[in-house]
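This document starts with one chain, in the form predicted alone, laid out as structure tokens.
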């Protein structure tokens, strides 16, 4: 790589967890729990973490450490034909970051608005329709570029600050949220076992595991390539998955009690963060202070994930094209920022532009979420499980985990279980695309 390794185990774990803990995790996971059976959904989700999430994370992390290269070069070492998996794994984060950074820009705007006026922007719809969203998008990308420019050490330092701060801010907001009269309704919405758990709920849990743990985005391979041979990969993956799930549950406890206390709709997706919650903060004693804390929290979650996404692309440019880190960060960061301009304008100047019935913003997301990631996952399991000597990866894991007792189970999961589950995710995604295009 020509890159130094992670400076510490805690730095690596926080950086990897920060990559997984993103915006969708903080509002989507608890909402899915509430809408899909509460505690029953959580149990099914954890089962899928065990049989899909952890095996795929372990595969990617061990592959990264085994090759010491970016995703494309890693899969090329596995099999020349497997290079396509690596291409998907670099394209996906490049595309995802282009629109993810737009949302990051929205968060910066909200932090600035609350700090300067103690209120959210007056009209969210008018704000995202304004060309100024491009400026906020650029500011967010500049922050991402700066951290990646500092290299592995910069990523570690940022993660060591932001992840603990995120946790502390969540705890503060939880105390305020659950202290509100009537807050138990929000807790029951998330946790109480309820009727309505169905095959669709199972599919929702499966899809959430895939996206929540950032599988097949090249992140785990890239971060794994900086990993010491002494690191216990199975244990590290379990810690990251545990932190990811814990933070998502805590986010639900922080957000939904207040939403229910003030009689607002919990299922608004991004609207929950930018429209509903400002109403909650506005009606809450000391709400502006908690609003600042909340939007800083969301910003930290967005920034740590965005750093990881850019690092994948930077690692590719360093490995595959022989560029310096400075050149890679500058060129790739600017390219992502430029690609994100249409997404930033998709609610304003480009509001009338649709592609297959999707707005520009949603179409860019659809390409990564429904095509590149799940198909890349299926191909990953095929090439590693069936066209590669998978014992090379079990040997890699045993360097830091001499008693890797579930070796046979892990191999069976990669060869049989994970591909089946990933096919379900892929088919479900294409069905969703079909319904969107046809309106059926």
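Quick caveat: nothing in here was measured; it's all calculated off a predicted structure. Residue numbers count along the first chain shown, from 1.
One more form of this protein exists, namely the form predicted in complex with a small molecule; it is left out here, but the text below deals with it.
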*Output flag, 25, 100 and 214 jointly within 4.5 Å of the small molecule in the predicted bound form, heavy atom basis*: yes
*225, 305, 74, 159 - the one with a heavy atom within 4.5 Å of the small molecule in the predicted bound form*: 305
*Sort through 309, 240, 255, 78 and report the residue having a heavy atom within 4.5 Å of the small molecule in the predicted bound form.*
309
*Examine residue 219 and determine whether its closest non-hydrogen atom to the small molecule in the predicted bound form is within 4.5 angstroms.*
yes
*Find out whether any non-hydrogen atom of residue 422 is located within 4.5 angstroms of the small molecule in the predicted bound form, and reply yes or no.*
no
*Look up in the predicted bound form whether residue 14 has a non-hydrogen atom within 4.5 angstroms of the small molecule, and give yes or no.*
no
*residue 19: touches the small molecule in the predicted bound form, heavy atom cutoff 4.5 angstroms*: yes
*asked:* Tell me which stretch of 205-213, 277-285, 146-154, 123-131 has a heavy atom within 4.5 angstroms of the small molecule in the predicted bound form.
replied: 205-213
